[in-house]
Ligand SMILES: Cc1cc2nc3c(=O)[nH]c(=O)nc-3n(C[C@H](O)[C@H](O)[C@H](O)COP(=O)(O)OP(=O)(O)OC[C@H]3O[C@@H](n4cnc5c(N)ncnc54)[C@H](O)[C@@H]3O)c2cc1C
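Single chain ahead, written as C-alpha cells, the form predicted on its own.
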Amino acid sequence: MKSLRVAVIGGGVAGAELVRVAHPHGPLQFTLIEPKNRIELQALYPEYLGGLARMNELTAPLEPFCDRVGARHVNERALRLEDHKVICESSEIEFDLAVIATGASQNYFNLKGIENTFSINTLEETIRARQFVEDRNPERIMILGSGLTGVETACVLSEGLDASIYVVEARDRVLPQFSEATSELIEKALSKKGVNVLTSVMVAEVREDSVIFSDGSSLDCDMAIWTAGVKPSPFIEGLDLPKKNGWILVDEYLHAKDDIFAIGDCAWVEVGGKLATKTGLEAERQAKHLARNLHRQAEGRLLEKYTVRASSDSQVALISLGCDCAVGIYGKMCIGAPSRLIYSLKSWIDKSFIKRFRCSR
C-alpha cells in the first residue's frame, strides 16, 4: 500500500466532501487548498437572501473540520500547477495526486452595466444583496435568469416582500433545462405568487434604475439580480488540461490527465452518453466515488467507473417554492404533492450537509 499526498484544490461541496469521506488517515494525506475559511452551501443562498436561513445553517468553519479529520488546510488561493506542485499565493504544495474542485464563476456574458446588478453566486454577494433589501426595501425587483437559483429567489422574495417581482428569461420558458411539463408547473406556481414572468426576452443593459432589453424596450426597477449562467474560474482557464466548452474534461474515472482528477462544477463529466449536471447532488456523488477510488489507487487496485445520476437529459432536483412548499423533479416526472413533505425533505438534505462538517465523524 502506497502513501499518497493528495492536494485538493477547492473547499466547496465537492472538495470538502471528498476530504470528509476519504478519511485522510493511513495511506492518504490530504491538503485542502481554499482561500476562504469556511465551507458554504450555495443551495441555501436564496433562503438566506430572504431571511429564512441563518448563517450557521449554510456555513461551517474549515480549520476545525480539517483538524478533526487530520487534513492540512492551506488558507490561500491556488494560482497554477507546475510539475507535481500547486503554486499558491505564498506556498508551494507538493502532491502525488491532485483533485481540482474549484466550482464555477458567475457568467455575465459581457453584459453592459453588471456593476448595477446583484448576484447570489457567492456568499459575499448574497450578503450584499440581503443588506440592500433590508436597507432599501425595493419595490420592483428584476431577477435575470430562470434557472433553479432564479426561480427559488423569486419565490422567496415574493413571499417576504411587498414588491413587484419579475423573472426574465432569454429562452421561451422558465427552467429551460428541465422538461416542458416542469416549466409549465413552475410558471403556474410563480404566477400564483404574483411573480411576473417574461420569456424570450434578452437583456442588453442594466442601469441603476432600469433594465434595457435587446429590442430597445425597458422596465424600471430598484434592484436587478443576475442568476443567468456560470463559467469556469480563472484558475481553470489557465490550466494545461483537456477541456470541453472551457470545463475540465474527465474520463469515466473522473481523471483529467496524469495524476490529476476533477470533480464538481469545474468538470465536464460525461459517461455512457450521460452528461452530469452542475448540481450539489452530482458534486457530492462524484466526491464520494473519487474518495473510494483514491483508496483503490493507494492499494494498487483497479479504479471503478463513475455513473452519472443527475444528467442533462434526466434531471434530478428539489425546487423550493416558498411557503414551506417544494416540488421534486426526477427525469421527466414532476412531483408536486405532498409539497410540504417535499420541502421538509429538501430542507433536511440542505441543512444536514453543513452539519456533517460541524460534528465529529
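Numbers for residues come from their place in the sequence shown, where the first is 1. Here the structure is a predicted model, which is why all the values come from computation and not from measurement.
The next section is about a form of this same protein that is not shown, the form predicted together with the named molecule.
Contact between residue 130 and the named molecule in the predicted bound form is not found at the 4.5 Å heavy atom cutoff. Proximity of residue 283 to the named molecule in the predicted bound form falls within the 4.5 Å heavy atom cutoff.
Taking non-hydrogen atoms only, residue 120 approaches the named molecule to within 4.5 angstroms in the predicted bound form. Within this chain, residue 43 lines the site of the named molecule in the predicted bound form, having a heavy atom no more than 4.5 Å away. Here the chain stands alone, but in the predicted bound form its contact with the named molecule, taken as any heavy atom within 4.5 Å, falls in 100 to 108 among 100 to 108, 212 to 220, 135 to 143, 170 to 178. Checked against the named molecule in the predicted bound form, the residues 35, 331, 61, 27 give one hit for a heavy atom within 4.5 Å, which is 35. For the options 257, 243, 72, 77, the residue carrying a heavy atom within 4.5 angstroms of the named molecule in the predicted bound form is 77.
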